[in-house]
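The chain that follows stands alone, in the form predicted on its own, written as structure tokens.
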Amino acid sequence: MKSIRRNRLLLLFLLPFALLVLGFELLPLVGMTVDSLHDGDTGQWSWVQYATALGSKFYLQALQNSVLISFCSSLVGILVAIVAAYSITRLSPGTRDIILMLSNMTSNFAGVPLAFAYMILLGNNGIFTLLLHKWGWDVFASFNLYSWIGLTLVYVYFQIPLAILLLYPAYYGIQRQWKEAALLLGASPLRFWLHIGIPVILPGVVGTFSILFANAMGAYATAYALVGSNYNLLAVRIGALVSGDVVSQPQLASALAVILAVTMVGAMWINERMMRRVRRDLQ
């Protein structure tokens, strides 16, 4: 009897969280899906929005560009974070706390402020661009911040600190005794990392990469503030269809949003399959 009352009390405490999930996650998702299955002109149930989205080279290019820039920025971010997170574990506790605090702060520095900061520093009339040009160093002569390279650079900026924060705890799964035992048995540091260290942190690396990919796929404000509609990204296209200056097409925007969500779920599914395989190999 006491256990039943305790379970009811726990369910009562979970009620606000359940309402939050229902109101801010499930209901918008259901509404978006239902909206994507309606014809904008007649209001009837129809697959026309998906046919338009998947039959248009313009929107397929937006999806391809989003996947490509998300993959590249996530790959660079995870490679840098692997080295940086390990380096942080080797620092003193005080220095480590300061760097983690800075990583936490910079990981949340995104959107319009980040794009504006890059414009001031590396834009066509940015501080470093003009300063180096005045000194005769045309380092940024061929660099265009408002191109794919520039946009990827900005994405990498907010991907690296997030990857460090997510990957940093994984290194503490490697016990010091393992290293000592490996050294006593004659294994070199490289051999230790190849056979023990990397397999231990690999699930964390794969999981972090999938989160970075989803983070980049959903990025909107940074890309819109930096390149506007000059670069074809799926998140920018969805925003344009919802708040278009001429004609808004919320049904088509909902269909594109569902495609974006399916792409992210597919990436998470692939990540889960890889995680299971890694865990099975480690056993």
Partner chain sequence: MRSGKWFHVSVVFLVLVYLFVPLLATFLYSIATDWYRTILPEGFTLAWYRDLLLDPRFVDAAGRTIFVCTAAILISVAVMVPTIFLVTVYFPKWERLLQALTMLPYAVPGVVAAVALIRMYSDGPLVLAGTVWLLIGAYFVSILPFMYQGIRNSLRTIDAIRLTDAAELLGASKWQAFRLVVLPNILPGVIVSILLSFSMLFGEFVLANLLIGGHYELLQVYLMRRMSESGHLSSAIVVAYFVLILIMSGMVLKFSRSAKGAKL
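Heads up, when I say rigid core I mean the largest set of C-alphas that superpose within 1.5 Å between the two forms. Treat the numbers as computed from the prediction; the structure is a model and nothing was measured. Numbering follows the first chain given and starts at 1.
FYI, the form predicted together with the partner chain isn't displayed, but the following is about it.
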property	result
Every residue of F143, F192 and H195 near the partner chain in the predicted bound form, heavy atom within 4.5 Å	no
Option touching the partner chain, based on a heavy atom within 4.5 Å in the predicted bound form, out of I174, C72, A182, A117	A117
Residue among V242, L60, V48, V67 with a heavy atom within 4.5 Å of the partner chain in the predicted bound form	V242
Partner contact for L11 in the predicted bound form: the partner chain, 4.5 angstroms, heavy atom	yes
Residue contact check: Y220 to the partner chain in the predicted bound form, 4.5 Å heavy atom	yes
The partner chain contact at G43 in the predicted bound form, heavy atom, 4.5 Å	no
Contact flag, I238 vs the partner chain in the predicted bound form, heavy atom cut 4.5 Å	yes
Sequence-ordered list of residues in 24-50 near the partner chain in the predicted bound form, where near means a heavy atom within 4.5 Å	F24, E25, L26, L27, P28, L29, G31, M32, D35
After fitting the core, V262 CA displacement of 2 Å or more between the shown form and the other one	no
Core-aligned C-alpha movement of L131 between the shown form and the other one reaching 2 Å	yes
